[in-house]
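This document opens with one chain alone, in structure tokens, the form predicted alone.
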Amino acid sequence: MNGSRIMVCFAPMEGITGYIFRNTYNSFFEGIDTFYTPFIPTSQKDKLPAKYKRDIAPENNAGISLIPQLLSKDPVRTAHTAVKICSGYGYGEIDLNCGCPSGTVTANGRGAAMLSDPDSLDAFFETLFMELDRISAEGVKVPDISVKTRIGMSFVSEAEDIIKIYNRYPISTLIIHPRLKDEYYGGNVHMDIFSQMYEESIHPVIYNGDINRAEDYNRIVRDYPDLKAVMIGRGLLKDPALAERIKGIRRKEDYSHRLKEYIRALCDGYYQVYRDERNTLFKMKEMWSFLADNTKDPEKTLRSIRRADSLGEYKATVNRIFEFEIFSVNMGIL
């Protein structure tokens, strides 16, 4: 089955999928319909720090379909920040993060921690949409609100109450990662729970979780033909051409060469912004924690990358990796 009619979205990943990454990726690979920004925390003064302004600035995202994501447990602040992003930067949709399992996020009651108390979650959305309605009544344009969620904190039975809450409010799209907060990114996704939420949701649904090959995508869109889109994160970091494989996009360039140039350009892009070898190396080593999975010996590859103490040493290591064509094992050639 050709599921290309269902969009492919790039999942937001904190510290990774910012504008430098998005622009570099978009220069080398095709197939992504929409990118979502890493979460933007709301501040007490409803003002965006400079790094978040840079990340969503239209001039830094030319030619990219982008949806900013907010992280907050304060519904009034969320409403005002969403409206300011909408009016100041021209975005028509804002995504709310109710799914991040990170301990530093959930310790403050944000992200997936919002799912721990259904009454509080319900009250959050009630106040949020009341505030947006009030702002709209004053003649100010408000954005659509989508939600990225998990199925619960610790028990799959929590999903029943969660989907009922989301159904009460005018959410534009529901993005479901069918894992519990306590599972982080380990273990199998709960497709039985996703099926229930998919059937019960009155909102368009996007599926997110464990799509690493085109076959995974085809299975999802076959089983859930009314999905609005499929969202992929780690799978695209491991195989940047995954969306092309999914959509049957053929490129004339040698894939190994294109991949090498993409990695080089990403490193150069970070260095041009940071002007600091240490931060650039940190970013590239983080990227290789995904890319290494597609090599003959992932642990050996990652050790060799992590041993690099300078950009010169790092680049020499990358050249050796591609010299031996170790990417030909798990990655097809497009």
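Computed from a prediction, not measured in an experiment: that's the story for all the values here. Quick note: we count residues from 1 along the sequence shown, nothing fancier.
There is another form of this protein, the form predicted in complex with a small molecule, and it is not shown here; the text below is about that form.
- At the 4.5 Å threshold, heavy atoms of P298 stay clear of the small molecule in the predicted bound form, well away from it.
- Not displayed here, the small molecule is approached by E14 to within 4.5 Å at the level of heavy atoms in the predicted bound form.
- At least one heavy atom of H177 is located within 4.5 Å of the small molecule in the predicted bound form.
- The closest heavy atom approach of Q69 to the small molecule in the predicted bound form falls within 4.5 Å.
- Residue heavy atoms within 4.5 Å of the small molecule in the predicted bound form occur in exactly one stretch of 208-216, 254-262, 133-141, 75-83, and that stretch is 208-216.
- None of I151, I232, M114, I246 but one reaches within 4.5 angstroms of the small molecule in the predicted bound form through a heavy atom, and that residue is I232.
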